[in-house]
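Before any questions on how it binds or moves, here is one chain, the form predicted alone, in structure tokens.
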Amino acid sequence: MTAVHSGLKPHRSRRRTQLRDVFSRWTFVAPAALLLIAVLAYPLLYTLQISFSDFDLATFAPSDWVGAKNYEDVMHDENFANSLTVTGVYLVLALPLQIVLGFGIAFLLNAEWRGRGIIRALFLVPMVVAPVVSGGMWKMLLDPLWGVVSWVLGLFGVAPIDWFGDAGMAMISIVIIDTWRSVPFVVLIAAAALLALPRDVFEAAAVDGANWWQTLKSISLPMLAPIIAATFVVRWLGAVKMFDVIVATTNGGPGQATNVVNLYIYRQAFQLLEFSTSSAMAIIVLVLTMVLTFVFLWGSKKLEDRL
């Protein structure tokens, strides 16, 4: 009996130690968790409440519960559907281009050549420029009458291009501006990933006589595939929030050509004061973003396990 009792003491002692360890960890985490709840959970829950209610502008608060009526109105809103389509077109054009350019430039900067340190430093400039400033700067550069780009193209006999006035060119312009801003971020991630690759594998490939293309195709890209997938997910989460560059350049035009979903929700809420339907739109976009993010994360995990 005494032996059994003595055997329980270490077990209880270990359990108390574990509980004390968990309590101490949560003590450190609690302030950050409370702050996160305050700045994220409360606005999200309040938006969810508004999306199921009528919004009284007199009291500036949700009033009567209307159930799914706001969501039904949103589903029949053709302009909202169009804004989702415009956002999808932008993402399909921008994300692959940024990933390919970012990793391609990182490969070039990873090679030994004179002046690459200066180029690396210059690549940081677009990252520190505010999006609205970037949009205004590019709007001046791409001006069909007075812009530098039109002047340079004119030297080669190319007629001025209405970058922001034509529906097709407006979207291309937005993709160009966002690519200029976002590629340096991808380059930094890719450069760090390249430096982390084991050198002995590349030395063995060089001894076997592999050229740069064979090394890239058979060694570098397979080893970097999980990093490429993770970078895509990070850029997806950033690109889906596109708003400020479009406000500074096209303001959603011409027509609805660049009216992305965030801009449309903003106009519905703060210009037309349709807070109930705009909240429903925001919840729908949030759910779609979460679902697609989960799919991308699942796909990147499968790719990592396969390689």
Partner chain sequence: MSAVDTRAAVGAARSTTRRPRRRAGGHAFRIWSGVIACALFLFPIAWMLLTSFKQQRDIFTIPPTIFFDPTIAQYIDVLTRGGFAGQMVNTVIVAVGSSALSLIAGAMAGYALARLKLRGAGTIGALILASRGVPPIALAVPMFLVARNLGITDTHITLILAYCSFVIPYVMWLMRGFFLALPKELEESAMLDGCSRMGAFFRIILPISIPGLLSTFIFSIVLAWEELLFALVLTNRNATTFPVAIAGMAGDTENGANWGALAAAGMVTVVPVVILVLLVQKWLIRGLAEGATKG
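For clarity, a rigid core is taken as the largest C-alpha set superposing within 1.5 Å between two forms. Positions refer to the first chain, counted from 1. Here the structure is a predicted model, which means the values were calculated and not measured.
We do not show the form predicted in complex with the partner chain, though everything after this point is about it.
Chemist: Quick check for you: of 136 to 144, 85 to 93, 216 to 224, 71 to 79, which stretch puts a non-hydrogen atom within 4.5 Å of the partner chain in the predicted bound form?
Modeler: Stretch 136 to 144 is the one.
Chemist: According to a 4.5 angstroms non-hydrogen atom cut-off, is residue 54 in contact with the partner chain in the predicted bound form?
Modeler: Answer no; every heavy atom of residue 54 is more than 4.5 Å from the partner chain in the predicted bound form.
Chemist: Using heavy atoms and a 4.5 Å limit, would one call residue 28 a contact residue for the partner chain in the predicted bound form?
Modeler: Yes, residue 28 lies within 4.5 Å of the partner chain in the predicted bound form.
Chemist: Although the partner isn't part of this model, could you tell me whether residue 160 comes within 4.5 Å of the partner chain in the predicted bound form, counting any heavy atom of the residue?
Modeler: Taking the distances in the predicted bound form, the answer for residue 160 is no, it never comes within 4.5 Å of the partner chain.
Chemist: Answer for residue 255 alone: is it within 4.5 Å of the partner chain in the predicted bound form, judged on heavy atom distances?
Modeler: Close contact is absent here: in the predicted bound form, residue 255 is far from the partner chain, nothing within 4.5 Å, heavy atoms only.
Chemist: Looking at the partner chain in the predicted bound form, is some heavy atom of each of 171, 295 and 303 within 4.5 Å of it?
Modeler: No, the whole trio is out of contact, none within 4.5 Å by any heavy atom.
Chemist: Among 201, 100, 167, 188, which has at least one heavy atom within 4.5 Å of the partner chain in the predicted bound form?
Modeler: The residue from 201, 100, 167, 188 that makes the contact is 188.
Chemist: Considering only 235 to 272, what residues come within 4.5 Å of the partner chain in the predicted bound form, judged by heavy atoms?
Modeler: Counting only heavy atoms within 4.5 Å of the partner chain in the predicted bound form, the contacting residues of 235 to 272 are 237, 241, 243, 244, 247, 248, 262, 265, 266, 269, 270.
Chemist: Once you overlay the rigid core, does the Cα of residue 212 travel 2 Å or further between this form and the one not shown?
Modeler: Comparing the forms between this form and the one not shown, which are aligned on their rigid core, residue 212 does shift its C-alpha by 2 Å or more.
Chemist: Checking residue 270 here: with the core superposed, does its CA move 2 Å or more between this form and the one not shown?
Modeler: Shift at residue 270: below 2 Å after core fit.
Chemist: Could you check whether the CA atom of residue 295 moves 2 Å or more between this form and the one not shown, using the rigid core for the fit?
Modeler: Stays below the 2 Å threshold, so no.
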